[in-house]
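Have a look below at one chain only, the form predicted on its own, in structure tokens format.
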Amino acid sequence: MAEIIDGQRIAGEFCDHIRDKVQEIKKAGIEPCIALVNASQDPSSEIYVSRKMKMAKYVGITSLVHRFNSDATGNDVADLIGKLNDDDRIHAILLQSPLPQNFVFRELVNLIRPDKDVDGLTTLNQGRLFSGEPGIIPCTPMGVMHLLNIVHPQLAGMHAVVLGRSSIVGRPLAQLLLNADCTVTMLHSRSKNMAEICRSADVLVSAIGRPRFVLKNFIRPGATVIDVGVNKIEENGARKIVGDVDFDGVFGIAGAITPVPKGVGPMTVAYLMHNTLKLAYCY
């Protein structure tokens, strides 16, 4: 039976540490501030923004939220990003995703100054990660690594399989695992023999965005399973959120597993605070 990796508790402890650090730099006259830009009309996006605001308040970071109406254009968002780039009070800028379909996320996120790119998604910061140079690293992959390091203080030599190749999670996470001296296999929607390959993993991370896609036959007994997926489904007449992993089926086989919710999600928010602190203090 698997150990449940309590991301909510771990994130809370990490944020207590961040709060102490925020108080230290405030004594030096630095007031960390993050700008959250939300152009989406999706209710879920507003929920995520509210959670980030709540955590920012808890750790002592100022959060400024900029919301757009449904008639906003990409140029409107671009103009705002330009103003935030030039505002010395702002240390960090987050462009909340997903964006409306007529917006191009990559074009807009690349307008953020790299030294204010709190989620490490600009081409420059991603290039720094893949080149092994210092920079800001995406929050979710950092949160995943934090959880893995608690279960496995020494990851070197382990075989890690990553399901998903997005620039937000899969690709940067694979690089972080390589940096930790893991042997890394990346799988995606066109990969073959996925279950067989996954069964060879000491560590399996799923960020593929398919509800309950990872079944018990994907799991080597004792493997660590990190579920990044957040999928909305209807079940028995009710809406609920489930991960990429069939938790009930995998629980009896894995050695350790994250739940959804209260697994990776809280760690993403915690590392958003961590990166804001880093941008305020180091850049």
Ligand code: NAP
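Keep in mind the model is a prediction, meaning the values are calculated, not measured. Sequential numbering from 1, following the sequence displayed.
FYI, the form predicted together with the ligand isn't displayed, but the following is about it.
**Student:** Considering the ligand in the model of the complex, find the one stretch among 147-155, 72-80, 128-136, 185-193 with heavy atoms no farther than 4.5 Å from it.
**Tutor:** One stretch meets the cut-off, namely 185-193.
**Student:** Please determine whether each residue of R210, F213 and N231 possesses a non-hydrogen atom within 4.5 angstroms of the ligand in the model of the complex.
**Tutor:** Yes.
**Student:** Of the options V169, I112, A201, V118, which one has a non-hydrogen atom that comes within 4.5 Å of the ligand in the model of the complex?
**Tutor:** Selected option: V169.
**Student:** Quick one: does A270 come within 4.5 Å of the ligand in the model of the complex, counting heavy atoms only?
**Tutor:** Outside the cut-off, so no.
**Student:** With heavy atoms only and a cut-off of 4.5 Å, decide whether V264 touches the ligand in the model of the complex.
**Tutor:** Flag for V264 set to yes.
**Student:** Within 129-148, which residues have a heavy atom closer than or equal to 4.5 Å from the ligand in the model of the complex?
**Tutor:** Residue within 4.5 Å: T140 only.
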